[in-house]
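Next up: the same protein chain in two forms, each one alone, written as structure tokens (structure 1, then structure 2).
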Structure 1
């Protein structure tokens, strides 16, 4: 990591340590929007790190977004930071202005499609998107939809869709939004810089790094816990069975971190389809395993609402399935690898 990114990581860690106490996450889970926290993030340039300054961003790269999102995962920040970064990317790559405030994106499930229809000089949006993060409460929804037979990006005002609220396991809003010929604020052809399936790719990439960050929390929290908790007259850390479980967790945390980091680097280089599939699969698997180990090492206390472990583990369990679960990405990667043929596996791996 270069110096500015180390600095950025420190800034995030400091800010979130102070500003994201358990009480804030709890109240967000009950439906309160953490407005002050959002404002602080926005003012610090943490919501649009990779967007150019001319569009209101911090002028960095995806590598900077990686640092912020890993921290968001680590501290279970209950805000649509990833969604805002991705929405802003879709807009700015398509030559549209980025509004202030929290954004969300739709559709977020591989099989769902939205449509834009021309209405004189403007466009109208139709279709249903399920499981939209903060769908009912975000200021704006950025959609990737088909219009005139090609992919388009449009900006819809928040609150205009018919919304059916729901949540994921971590009580993060995941709403169904339905538009029927709703007017949009702006629309344009999807920019040439956007890969096919841009939204699903960027979403999977973001969740990968959030998961990798969450795993870091599980590891450090578990190490801390077993060092303090005493049974049979010794700290749990002195038991080999515990040591080995945490060594295993450390291995999967390292693997998840590497996979996520690589995906963001590839995104900055241009073509990241392979790396993002790898990252989503690898971090998802590590998440299941990591959450299991962290809970085992914590005993009953970790299974209570009062303890903070679940703020991260419940997110990991949900994030695994969002923007394409492991099965989705593995099938798509597996088909690609098989189509290239057995003898192309290694040359392909080393060319990435």
Structure 2
């Protein structure tokens, strides 16, 4: 990590330590929008770190976004930071202006499709998207849709869709949105720099690094707890069975973090499909195993609402299934390998 990203990581850690206490997460889970926290993130340039300055961003790279999103995962920040970064990327790569405020993106499931139809000089949006993060409350929705037989990116005003509110296991909004010939604010052909399946790829990459950050929290909290907790006259950390579990958790955390970091580096290099699929599989697997280990080390206390452990473990379980679970990305990798042929597998792996 270079000096700039070290400074960025320190800024995120200080801000979230001060501004994201358990009370704020509890309030967000009951439906209160943390407006002051969002304003701080925008003022510090943390919502659009990889967007060019000409489009209203901080002028950094995806590697900078990785630092911010890992911290968001570690502190269970209850805001659509990842969705705003992705939406702004789709807009800017397609030559569209990026509005201020929180964004969300749709559709977030590969089987769902949206359509744009011409209406004179403008476009109208139709279709249904399920499990849209903060779909009913985001200021704008950035959609990837089909228009005139080609992929397009459009910006829709928030609140114009028929919304059916829902939440995930972590009580984060995951709403169903339905548009029926709704006007959009702007639309353009999907930018040439956007890869096929851009929204799914970026979403999987973002969730991977959020999960990697969450695993770092689980490891630090588990080490702290077993060091302080005394049983049978000595700290839990002195028992070999506990040490073995913590070693497993540390290994999964390190592997997940490296996979997520590599995906963002590949994104900056321009060809990240393989690395993103690997990262989503590895961090998803680590999240399931890591959450189990952390709760075992904490005993029953980690399940109580008063303890902070569940704020992160419930997010890990939820994020694992979003933007494609391990099975989806494993199948994608398998098809890619099969298409290349057996002789190309080893050279391809060693070239990444």
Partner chain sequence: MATFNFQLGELPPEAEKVREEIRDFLARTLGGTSATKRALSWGGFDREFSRRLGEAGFIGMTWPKKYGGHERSALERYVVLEESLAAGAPTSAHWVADRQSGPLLLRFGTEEQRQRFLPKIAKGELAFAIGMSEPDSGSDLASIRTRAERVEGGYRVNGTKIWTSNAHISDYAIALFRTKVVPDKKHEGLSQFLVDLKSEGIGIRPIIDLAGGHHFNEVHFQNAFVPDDMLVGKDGDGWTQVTTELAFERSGPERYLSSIRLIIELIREVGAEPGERAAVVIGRLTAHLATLRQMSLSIAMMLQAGQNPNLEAAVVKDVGTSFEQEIPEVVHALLGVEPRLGSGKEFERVFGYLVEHAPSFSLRGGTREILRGIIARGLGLR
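Residues that one form lacks are left out of the comparison. Superpose the two forms; the largest set of C-alphas matching within 1.5 Å is the rigid core. Everything numeric here is computed off the predicted structure, so don't read it as measured data. Residue numbers count along the first chain shown, from 1.
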Mapping for form predicted on its own resolves to structure 2
Superposing on the rigid core, does the Cα of residue 18 end up 2 Å or more away between the two structures? no
Margin query: Given a core-based superposition, decide whether the C-alpha of residue 342 shifts by 2 Å or more between the two structures.
Written below: yes
Core-referenced diff between the two structures: runs of three or more consecutive residues, each Cα shifted 2 Å or more, sit at 338 to 345
